[in-house]
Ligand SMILES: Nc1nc2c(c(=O)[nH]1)N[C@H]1C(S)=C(S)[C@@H](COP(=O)(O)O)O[C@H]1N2
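Okay, here we've got a single chain as structure tokens, the form predicted alone, with questions on binding and movement later.
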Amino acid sequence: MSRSASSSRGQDEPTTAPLPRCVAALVGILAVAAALAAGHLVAGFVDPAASPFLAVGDSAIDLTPPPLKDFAVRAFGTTDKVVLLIGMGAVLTLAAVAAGLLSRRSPVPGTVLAVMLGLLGVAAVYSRGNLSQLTVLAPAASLSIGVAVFRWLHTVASRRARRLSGPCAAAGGMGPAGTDRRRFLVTSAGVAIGSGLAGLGGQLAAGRVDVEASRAKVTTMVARHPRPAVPSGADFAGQGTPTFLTPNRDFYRIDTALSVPRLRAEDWSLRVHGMVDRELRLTFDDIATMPLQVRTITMACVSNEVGGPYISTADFVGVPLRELLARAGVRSGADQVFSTSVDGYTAGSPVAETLDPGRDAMLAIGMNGEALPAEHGFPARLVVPGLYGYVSATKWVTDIELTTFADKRSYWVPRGYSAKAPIKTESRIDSPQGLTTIKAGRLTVAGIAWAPTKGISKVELRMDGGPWQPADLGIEVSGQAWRMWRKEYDLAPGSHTVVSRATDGSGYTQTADQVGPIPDGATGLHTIVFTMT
């Protein structure tokens, strides 16, 4: 080989060896961890919802197309938010690894990617209408710490880095040797521990609001209002139906809140404004001085498929909403009660249904003998019987505006759902479960039916394609609540198919037409197949 060729090859070779792949990936992962922890720590002091990780997740929920949202609810149920967070964590981990691998020779590619991720967090926080400008400090801290830690670790790892051809597990193949190797390991461990402590500090800071102490005070007040006794025969829980009242821990929860707002009753207030004669600003103490009512109400989610689980019943305690609105004076022409949550979520309820004295719409502060659980809207939420929750049940409500459907559209309406959504007359078979095997003989088929504000007058079953036959109904507790039913059969061994349908108090019988949840609730007849042996 000639001297000139050798010299030329030497000039083409890099003067600094690239980082081993595992080291480069670790640098990216630790930098992202430090960035998220820093943002979470700052958010704990300015507003927990400003944590970049959560803010990006909230934005993802807002941008999710309705069909995908309904798929997530069907597939994952009430764990859909956990699945989203896990998915986001996986994506961020992959992005961190990519940033590291792209930066084996230079920190520039990783720095650019870190800045892009940081700006995404800034945009997510800035776009949240319920967050103040001060909360941008959280993603700004995340951005600056992420970039700084990435470049710092990259510099430490690059010292005396050697070119390696073998895998990471090869002897001596982890990068910096001797003192520099130990320095990198110590620095990495320090970043990992610091990130963990910062994340924990942010969590503790976010939890400094003592919601449970506030709930305890409200529970004492709520408990002074006796709940109606559930009559014997209201449910057939021993034969497979739910209990008539759903325990708070089992009450379904479907909402857009990635993190549950932590708001004390002492800090809460409600503004009533818009097309009213007098704007109101009410504190929780103001609500506590008003006469409270207890009402048994069934609530249902529009995402519920035929036969689905997202329906529950509770005794709610609160102030009649029509009395609050009467204090403000609803002006002629207003047809929408536009409510806003502390986290920015909005819902629109028809004024006529809200003011209907037979409907018992309320500003609820209690649920089943205690204060509202935090995840169900403490300190206060709306409950308008007979309407799907997305237009009637704003949790953590802080603002009510009287307006028109033409002037304002609530959260789900631009996403393809109807502005008005009365709960549809439906029934569900709870026992036996579909595709189960049962010993031949006498069998009780049992379930629930609901048509809030109308009540259930009849439930019929069709077994194996035969004629419709009436089921025995449980005692009706309230026209706002579900009603249990059951029917006994003597069945021979083999496969059987049973279908249910309900007729409400207006005489309307549940339709057999199969329609999905979008735009205003699913319809169809619940059908199950089981085997007798």
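The model shown is predicted, which means the values in this text are computed figures rather than measured ones. Heads up: residue numbers just count along the shown sequence, starting at 1.
Below: the form predicted in complex with this ligand, not depicted.
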| item | value |
| --- | --- |
| Among the candidates 145, 124, 300, 429, the residue which, in the predicted bound form, approaches this ligand to within 4.5 Å (heavy atoms) | 300 |
| In the predicted bound form, the residue from 459, 206, 218, 393 that sits within 4.5 Å of this ligand by heavy atoms | 393 |
| 4.5 Å heavy atom contact, residue 389 and this ligand in the predicted bound form | yes |
| 4.5 angstroms heavy atom contact with this ligand in the predicted bound form for residue 453 | no |
| Heavy atom of residue 253 within 4.5 Å of this ligand in the predicted bound form | yes |
| This ligand contact at residue 360 in the predicted bound form, heavy atom, 4.5 Å | no |
| Location of this ligand contact in the predicted bound form, chosen stretch of 273-281, 419-427, 343-351, 109-117 [non-hydrogen atom, 4.5 Å] | 343-351 |
